[in-house]
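Shown here is one chain on its own, the form predicted alone, set out as C-alpha cells.
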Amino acid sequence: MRWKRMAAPLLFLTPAMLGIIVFKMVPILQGVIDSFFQYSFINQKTYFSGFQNYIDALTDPIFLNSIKVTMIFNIIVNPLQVLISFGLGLLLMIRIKGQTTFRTIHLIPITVSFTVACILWGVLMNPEQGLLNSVLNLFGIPNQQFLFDKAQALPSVIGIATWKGVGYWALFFISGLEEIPSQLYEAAAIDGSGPWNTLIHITIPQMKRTVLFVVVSDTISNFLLFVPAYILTNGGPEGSTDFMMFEIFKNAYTYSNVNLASSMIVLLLVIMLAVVGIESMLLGGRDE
C-alpha cells in the first residue's frame, strides 16, 4: 500500500527529474570526463591526458587572474546585492502613498535582459558622450573612463550587476517578510520595542532561511557571470574584468580547446561549491 501512495508523487516528479538528469547531470558528468582528455590537431585524435589540463589551467597566469577577479567580484557584489535587496524589500513593505508606483519602478531592471542592460549601461558609461559623464560634469567632475579604465572597469561591472540583480532578489525578501506572523510585531509593539530592535530581534531571525537562499543563489549567479565581460569589456582593460566564465568561453569557442575549458569548468564548480558550503555553514546553523 505504501508504494501506491508514493506512485502519484513519483509520477509527477519523473518529468522534472528526467530534465535535471538530461540537461544538468549528464553535461556535468561529460565535462568531468572531457577534462581528462586532450585533442591532438596533428593526429586528429583524442587521448587520455590525466590531470594535464588541470595543471595547464592552474599554471596559466591568465586563468589564475580570472580566478582572482571572480573572487574579488563576488566578495564585493554578493554582500552588496543582498544588503540592498533586503533594504529594498523592507521599503517595499511600507504602506505609503505611491507604493504601487515604487514597486513598478523597482521591477523594471528585472524585465530587461542582461544583454540589453549591458548595452544600455555601455551607452550611459560612454567616456565622451555618456549620460553619466554629463551628470558628473554638472558637479564639476571631469569625464570618467568607466569601462575603459583598469581601476574603474570592475566597479562599473559591479554597479551594473547590482542594478540588474537587487530588484529580483528583493522579491524573495518581500515573500519572506510577508510570511512573518504579525503577532510577533504586535507583541513587540506592546513591549515598547523600537523599529531597530524589532528589525534585529524579530525580522532578521525570522528571515534566516530566506537570507540563506538568496545568498547562495546570488553567489551561484555571480560566479557564472559572463555577459558584461563578453559585451562591454572583452575581459579588459588589462584583464581587470576577465571572469572565469569568460575565460572558459574563450578557451572553448575562440581557441577550440574544449578539454581545457572542461577542466576550468570543474575548477569553477569546486570553488563555487566551497564558497557556497562556507556560506551555508555560517548562515545555516540550527533553527531556533
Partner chain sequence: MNRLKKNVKILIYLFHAVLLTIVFLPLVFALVSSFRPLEDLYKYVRPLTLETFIPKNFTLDAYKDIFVKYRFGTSVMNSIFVAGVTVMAGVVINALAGFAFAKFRFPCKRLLFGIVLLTFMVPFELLSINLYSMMIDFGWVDTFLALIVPSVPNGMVIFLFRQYYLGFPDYLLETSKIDGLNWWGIFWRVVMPNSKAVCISSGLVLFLNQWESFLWPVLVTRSENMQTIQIALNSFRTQYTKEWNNIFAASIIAFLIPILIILPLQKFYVEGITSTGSKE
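Positions refer to the first chain, counted from 1. Only the largest set of C-alpha atoms that superpose within 1.5 Å between the two forms is called the rigid core. Note that the structure is predicted; figures quoted are calculated from it, not measured.
We do not show the form predicted in complex with its partner chain, though everything after this point is about it.
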query: Non-hydrogen atom within 4.5 Å of its partner chain in the predicted bound form for each of G130, Y168 and M245; finding: yes
query: In the predicted bound form, the one of M71, L184, L80, L92 near its partner chain [non-hydrogen atom within 4.5 angstroms]; finding: L92
query: Touches its partner chain in the predicted bound form: T111 (any heavy atom, 4.5 Å); finding: yes
query: 4.5 Å heavy atom contact, A8 and its partner chain in the predicted bound form; finding: yes
query: F249: touches its partner chain in the predicted bound form, heavy atom cutoff 4.5 angstroms; finding: yes
query: Partner contact for F37 in the predicted bound form: its partner chain, 4.5 angstroms, heavy atom; finding: no
query: Contact set, 60 to 88 vs its partner chain in the predicted bound form - heavy atom within 4.5 angstroms; finding: L88
query: Exceeds or equals 2 Å, Cα of I141 between the shown form and the other one, core fit; finding: yes
query: Core-aligned C-alpha movement of V270 between the shown form and the other one reaching 2 Å; finding: no
query: Core-superposed comparison between the shown form and the other one, I33 Cα displacement 2 Å or beyond; finding: no
